[in-house]
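We begin with a single chain expressed as structure tokens, specifically the form predicted alone.
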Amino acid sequence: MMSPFTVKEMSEIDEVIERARELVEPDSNTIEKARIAEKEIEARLKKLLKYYPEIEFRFLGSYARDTWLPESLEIDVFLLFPESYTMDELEKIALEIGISAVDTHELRYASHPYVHGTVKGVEIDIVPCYRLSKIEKIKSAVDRTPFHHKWVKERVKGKESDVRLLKRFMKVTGVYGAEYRIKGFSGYLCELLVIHYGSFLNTVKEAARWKRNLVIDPSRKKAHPKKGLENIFVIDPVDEKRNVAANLSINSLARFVEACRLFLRAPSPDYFVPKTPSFDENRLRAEVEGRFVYCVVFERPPVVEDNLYTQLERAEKRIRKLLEENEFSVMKSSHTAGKKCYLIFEVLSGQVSPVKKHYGPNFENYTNSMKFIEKNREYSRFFENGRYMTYRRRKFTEARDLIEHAIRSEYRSMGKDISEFVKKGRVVERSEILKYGELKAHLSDFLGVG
């Protein structure tokens, strides 16, 4: 079967990949900095755990597997507790140890709280989990991590550079990271893909032909289509019921497949060089002024990012639904957060007719037809395809007024952590949107002019 795109000569692709390897490998100074921090945190934990001999620690994650990117140096240390500990005991003791082990700290939350901090200028995560003999006994998602590490560590040897290439390629494409804000590929998923396909280049070549109904089984080195799938399913080698790609959105999948196709057609080191967002200020202003774009702006609540983006999406969908129910044709909507939070909507027109159709029964339905006839109405009735119709006045004829109403009256349905902040927000349009400088890059992309 002929490929829908032209693949460059292998020598050219190989040359680009070899040049890209130099871009993704940590330099000696960064490696030395990491080693110093690793030895320091190891010494501190050994000292602290003298009081808890039944608890052990392990270095896990991309740093321990040597698949980390130089700009994303972070050392993951897991505290492994015996199953005899309750979850409350595990959390309490782990936080005490974690806080004592780092130079600076903050608490973060996944399946349960953990300590994020720094040691000798290097970021450190100290995460508690249970020491289990079987994956079936897991009590929280992080309990899988030691099993993941063991499976990958044994198979990724010699392919570390290829994993780095894939991570950076995805990062530049904008699809690296399983967090809700990105809905992309996790680091673990990148490792599985390289192990499954054998190299970065093979992964890209195969991904260029992916379809959304694909099942990938790294443990058996097999892949097959499955009817009814809405996105790819990557079987977790240590927990076969789990989809490692569960957080991947269909749009992130499509973006990655497109990038693979374009790279194979015209390979370039640019695919591995992070880009600074850029846009034409004058064109952005002209587009905002000439289109019906509205933005809800409100203060950012003190909530972890994944929870924030989950609720921003919920709020966006709620307002979009209200616009559509009131017959404002929504072309596109989005959400993002920086110092403030933003819900963005573009509609076909900012104004609709002051009246809307009201549907009655078919003329054959005698009882309901007579009720419809007898009701006092502002507008006379008429028929459409044998069905009674009339007009009703709209409550809102301006999109901005409807959005204002939504954030003042419907805010409770937009997420428990953000609802009160949404209520106090404001709706802006046209050039007023551009006062929020941190939004410009996202807005430029939203409007298709980025």
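Keep in mind the model is a prediction, meaning the values are calculated, not measured. So that there is no doubt, residue numbering starts at 1 and follows the sequence shown.
Although it is not shown, the form predicted together with a further copy of the same chain is what the next lines describe.
Contact with a further copy of the same chain in the predicted bound form, judged as any non-hydrogen atom within 4.5 angstroms, is confined among 94-102, 347-355, 135-143, 74-82 to 347-355. Checked against a further copy of the same chain in the predicted bound form, the candidates Ser369, Thr118, Asn202, Thr310 yield a single residue with a heavy atom inside 4.5 Å, and that residue is Ser369. For the residues Arg131, Arg181, Lys317, Arg209, the 4.5 Å heavy atom test against a further copy of the same chain in the predicted bound form is passed only by Arg209. When contacts are defined as a non-hydrogen atom within 4.5 Å, all of Glu378, Asn385 and Val449 contact a further copy of the same chain in the predicted bound form. Using a 4.5 angstroms limit between non-hydrogen atoms, Met331 touches a further copy of the same chain in the predicted bound form. With a 4.5 Å cutoff on heavy atoms, Asp88 does not count as touching a further copy of the same chain in the predicted bound form; it lies far away. Put simply, Tyr176 is far from a further copy of the same chain in the predicted bound form: not one heavy atom of it is within 4.5 Å. Residue contact with a further copy of the same chain in the predicted bound form: Ser111 places no heavy atom within 4.5 Å of it. Taking a further copy of the same chain as positioned in the predicted bound form, the residues of 234-263 that bring a heavy atom within 4.5 Å of it are, in sequence order, Ile250, Asn251, Leu253, Ala254, Arg255, Val257, Glu258, Arg261, Leu262.
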